[in-house]
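A single chain, nothing else alongside it, follows as structure tokens in the form predicted alone.
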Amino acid sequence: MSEMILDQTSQAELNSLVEERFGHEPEWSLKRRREAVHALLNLDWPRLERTPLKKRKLDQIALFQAVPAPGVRPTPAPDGWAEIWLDNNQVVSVSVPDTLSQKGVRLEALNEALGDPEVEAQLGRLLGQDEDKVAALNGALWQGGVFLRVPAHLREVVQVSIRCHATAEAQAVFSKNLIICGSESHVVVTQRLETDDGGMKTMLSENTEIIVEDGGRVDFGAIQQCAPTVEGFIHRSGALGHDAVLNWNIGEFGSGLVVSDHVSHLNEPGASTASTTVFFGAGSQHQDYSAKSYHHAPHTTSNMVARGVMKNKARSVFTGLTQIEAGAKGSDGRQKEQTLMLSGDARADAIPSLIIDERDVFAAHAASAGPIDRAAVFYLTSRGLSEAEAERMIVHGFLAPVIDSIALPELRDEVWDAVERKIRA
């Protein structure tokens, strides 16, 4: 099939594409795709107050085009880790240690798990497909993605690596991930998102849904280092049961445009979530991030911390939201966002917000965005450092408290490496 451009494609052509590409799927999945196509042409692009999308010409990106066969050559996973590689939305390899598979840990391509009733029940529960045009495109045309199911009451920590890569020819990358952690189990997930830079604009839309059952714990870490030609929309959402824990560790460094969020629904007493976000923009990057925690039940806790650096003409928007509903007594919600600007042309907005509908709670927020301290730079240069060395030292000191708090050693090292590359860019 030749490439299809959204503003040149009719609903009938989209329906034909869905039937041709996905007609083999279970009827429930195919029905959802048809519904997304039906809604698609009547929906608008996401409406973001400080990130206008009209001039980005998203509707002129190819929705489907022939791409090379997977070309990434996987390296072995660390000892004891389960790992899945995807290239151009196709699974390259999956490896699960026998010690985990024998205990019921499942790691596979999501499209191969659509016959599972649990997948039918949970997929799309947290992230719908009728919010806007990007959500509908994802719902209609997603191809790649991961299904991870960790059974209840495992004694050891399950460690999983997800690697997602796309070549320069892949102008549309739509995927979904579904992670379910059973009661009293603990899983650590590290995801890497990368694309090649070939000069053509690419739309990336990825949805990740995480279900944490009673007493379970998920530590989810992700680092995004896509090419400047990528227009990325990355949505992650988690639902937490009684005494469940969901920790987010997010590093955002790539894409010309990225709209990224992670949301936690604290549905039962004792649930807790923490999020750490590190971002660095350079050139003309535009980064729009948000972290949201919804306290639906009493005695729930949330804590979000974000630190970012902007240089050149980069622009960032970081929105934090903590909502404590009526009846969520004894809840504790905190947030802190800080952005450092290395040039006068950079711009950053930090927007914290609290919605509190209950009295017996604790809630706090803080936000700041400001230029690098030129007096500090002068002091360091007067002690023999170059201006570049002085700025590097200040950036390290600014980011270190957040990056060093990332509990996943491999991700923490990769985030520091990404920071170094952005400083040198």
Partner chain sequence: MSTPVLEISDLHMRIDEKQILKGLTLTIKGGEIHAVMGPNGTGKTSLAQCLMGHPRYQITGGSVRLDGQDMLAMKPDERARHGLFLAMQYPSEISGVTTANFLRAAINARREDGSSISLKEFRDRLDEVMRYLDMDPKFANRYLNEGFSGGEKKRNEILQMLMLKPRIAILDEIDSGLDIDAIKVVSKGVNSLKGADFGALIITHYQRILDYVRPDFVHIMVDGTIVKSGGPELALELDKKGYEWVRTELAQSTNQA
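Numbering follows the first chain given and starts at 1. Predicted, not measured: the structure shown is a model, and the values here were computed from it.
Not pictured, yet referred to below: the form predicted together with its partner chain.
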Can you check whether Y379 is within 4.5 Å of its partner chain in the model of the complex, heavy atom basis? yes
In the model of the complex, is there a heavy atom of its partner chain that lies within 4.5 Å of any heavy atom of L385, even though the partner is absent here? yes
Using a 4.5 angstroms cut-off on non-hydrogen atoms, would I61 count as touching its partner chain in the model of the complex? no
Quick check on P26: any heavy atom within 4.5 Å of its partner chain in the model of the complex? no
The unique member of L48, A366, M393, L41 whose heavy atoms fall within 4.5 Å of its partner chain in the model of the complex: M393
For the chain seen here without its partner, which of 29-37, 395-403, 53-61, 352-360 has a heavy atom within 4.5 Å of its partner chain in the model of the complex? 395-403
